[in-house]
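One chain comes next, on its own, written as structure tokens: the form predicted on its own.
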Amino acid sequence: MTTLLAAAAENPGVLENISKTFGLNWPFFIAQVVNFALVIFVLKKFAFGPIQVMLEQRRSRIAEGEANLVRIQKQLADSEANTAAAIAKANEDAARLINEAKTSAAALSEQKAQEAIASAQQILAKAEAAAQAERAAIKAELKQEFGRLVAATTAQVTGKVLTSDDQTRLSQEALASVER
């Protein structure tokens, strides 16, 4: 273009030759250039301008949405990590509680076993004491019955009526001879 203008400046007939060759009419060309500039201005002002603003707003909303998405993904990852940590801690607590319950149950079982053994020993001691008391009562009763039988037999063999002193003495002598 610069060479064309430089050539036109050196030789003024060049522009006329070009305009005749291409059929250029300068007033129409200038009017078309002005019309074109007006159309560009109107389109930029009323069509492209609002569209560009709207596109910029959408671009900014999309960028904001992507930033929110990244933030939400990070929060989700943090939340999942926190949830996993909470679950792990809950599992540890549950395991600890189960172990404590097992230990407590074992201790309680041992305590109850000891109490049962002590109770059984008490029952055995009471039964043994009761058996000894019953044995002593039976033994006393047998001694009394044995003395009465010895005295009755002696009375029948001798044909005498024995006094209570004689009966007691015979009974004691018979018991003494049996206990040896």
Partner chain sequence: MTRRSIYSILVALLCCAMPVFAAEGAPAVPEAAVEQHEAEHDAGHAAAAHGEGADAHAAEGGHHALPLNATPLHSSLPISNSILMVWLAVGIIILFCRAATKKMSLIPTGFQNFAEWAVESLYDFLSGLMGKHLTLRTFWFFGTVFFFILVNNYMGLIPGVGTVGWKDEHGHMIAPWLRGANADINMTAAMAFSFAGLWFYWALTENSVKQFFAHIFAPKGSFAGAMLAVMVPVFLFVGVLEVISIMIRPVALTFRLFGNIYGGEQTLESLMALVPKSIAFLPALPFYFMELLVGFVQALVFTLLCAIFLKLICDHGDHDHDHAEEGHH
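Only the largest set of C-alpha atoms that superpose within 1.5 Å between the two forms is called the rigid core. Numbering follows the first chain given and starts at 1. Not measured: the values here are computed from a predicted model.
Although it is not shown, the form predicted in complex with the partner chain is what the next lines describe.
Remark: residue 129 does not count among the residues lining the partner chain in the predicted bound form, judged by a heavy atom distance of 4.5 Å or less. The partner chain in the predicted bound form is not approached by residue 162, whose heavy atoms all lie more than 4.5 angstroms from it. The shortest heavy atom separation between residue 146 and the partner chain in the predicted bound form exceeds 4.5 Å.
The partner chain is not drawn, but in the predicted bound form it has no heavy atom within 4.5 Å of residue 135. The stretch that touches the partner chain in the predicted bound form, counting heavy atoms within 4.5 Å, is 26-34, out of 150-158, 136-144, 119-127, 26-34.
Contacts between 41-79 and the partner chain, taken as any heavy atom within 4.5 Å in the predicted bound form, involve 41, 42, 43, 44, 45, 46, 47, 48, 50, 51, 52, 54, 55, 57, 58, 59, 61. Core-aligned CA deviation for residue 19 between the shown form and the other one: 2 Å or greater. Here residue 52 counts as shifted, since its C-alpha moves by at least 2 Å between the shown form and the other one after the core is aligned. With the core held fixed, residue 62 shows a CA shift of 2 Å or greater between the shown form and the other one.
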